[in-house]
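Okay, so here's just one chain, in structure tokens, the form predicted on its own.
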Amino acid sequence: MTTTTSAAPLVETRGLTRRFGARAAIDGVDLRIPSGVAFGLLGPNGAGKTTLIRVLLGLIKPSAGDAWLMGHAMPAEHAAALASVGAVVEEPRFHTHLTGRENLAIVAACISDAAEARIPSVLARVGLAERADERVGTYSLGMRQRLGIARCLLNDPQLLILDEPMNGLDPAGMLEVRDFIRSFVDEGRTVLLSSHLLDEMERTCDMVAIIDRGHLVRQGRLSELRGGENRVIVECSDVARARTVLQSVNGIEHVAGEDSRTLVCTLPDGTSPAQLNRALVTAGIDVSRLERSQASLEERFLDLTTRLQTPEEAIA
């Protein structure tokens, strides 16, 4: 597993496991989240993302392993840990017969006078100042998501945890949430968000952890997870013969055809694209394009999660 910082993590787990009967919703998860980043938990529906968040927040107890939030052991020291945390788990829920402002007032009254004083500013922050005195039952899903973020901000948290914050939103709503998250990070806060929307995670996050079937299969910065610029696109005059030539080059791990004139090669560290060009030219093959190309997060995600499938599941 890849980590990128030696500083004490804001969130850390070691061997974290939660079982429901014989099924392990999360299994032996070792997670490290540094401060000041947007960190994504990425995985398909049912992968264990929400269970992991619930264990981190002390909403359910782990079956095994340890977790620390803000340097405090969970769930034993949950009160101290959660004092600097704001969270939305699954869809944010409110009293629909009350206004947005009244819903925030109920929560703020349980926190502090300072939280109550923040209500106008957090409503303005999420663009709900003009609709704050309307009943939440009249709000759209996007407005409820924004109100959920406003509720997170009442205690001026150092860490925000958002579970699937872009679910059901249109492109404009996704852009709003993405801008909120980046602005929080710019202020020095840390945001942990879960999603199965790969494109949005790639646009939003600095670091991600890929979870599948309860296992944390990889974590690190996006550039690390994509494997760096280790792919080379080759456009040439004779694809069939070029494939044979390239497969014989020492260090080439994979050669795949994209179309009738293009091949994509995967190179290990230390192998130069010049070696490919030299081999092709020596074989009398004209090369019209030789370009490095970084794998997308989607490609890496599918590659990593497919490895955990049985042959029957991969076909299904």
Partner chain sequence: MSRIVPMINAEFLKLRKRRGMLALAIVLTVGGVVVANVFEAIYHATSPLKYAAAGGMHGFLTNLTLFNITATLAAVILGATAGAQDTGSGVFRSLVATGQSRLKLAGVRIPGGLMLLLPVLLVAYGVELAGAFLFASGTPTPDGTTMLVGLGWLMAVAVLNFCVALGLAVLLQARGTAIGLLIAWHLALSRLIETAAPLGNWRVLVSSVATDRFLPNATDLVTMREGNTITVTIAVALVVVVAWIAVATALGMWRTVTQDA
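Everything numeric here is computed off the predicted structure, so don't read it as measured data. Positions refer to the first chain, counted from 1.
We do not show the form predicted in complex with the partner chain, though everything after this point is about it.
A.B. asks: Each of Ala240, Ile252 and Ala274 within 4.5 Å of the partner chain in the model of the complex, by any heavy atom, yes or no?
C.D. replies: No, none of the three is in contact.
A.B. asks: Quick one: find which of 120-128, 199-207, 181-189, 105-113 has residues within 4.5 Å of the partner chain in the model of the complex by heavy atom distance.
C.D. replies: Stretch 105-113 is the one.
A.B. asks: Looking at Val217, Met143, Leu98, Leu169, which has any heavy atom no more than 4.5 Å from the partner chain in the model of the complex?
C.D. replies: Residue within 4.5 Å of the partner: Leu98.
A.B. asks: From the list Leu290, Ile60, Met70, Ile285, which entry has a heavy atom within 4.5 Å of the partner chain in the model of the complex?
C.D. replies: In short, Ile60.
A.B. asks: Any chance His78 has a heavy atom within 4.5 Å of the partner chain in the model of the complex?
C.D. replies: His78: contacts the partner chain in the model of the complex.
A.B. asks: Is Glu90 close enough to touch the partner chain in the model of the complex, meaning at least one heavy atom pair within 4.5 Å?
C.D. replies: Looking in the model of the complex, residue contacts with the partner chain include Glu90, since a heavy atom lies within 4.5 Å.
A.B. asks: Under a 4.5 Å heavy atom criterion, is Arg54 part of the interface with the partner chain in the model of the complex?
C.D. replies: Contact check for Arg54: yes, within 4.5 Å of the partner chain in the model of the complex.
A.B. asks: How about Ala132: is it within 4.5 Å of the partner chain in the model of the complex, going by heavy atoms?
C.D. replies: No - in the model of the complex, heavy atoms of Ala132 and the partner chain never come within 4.5 Å of each other.
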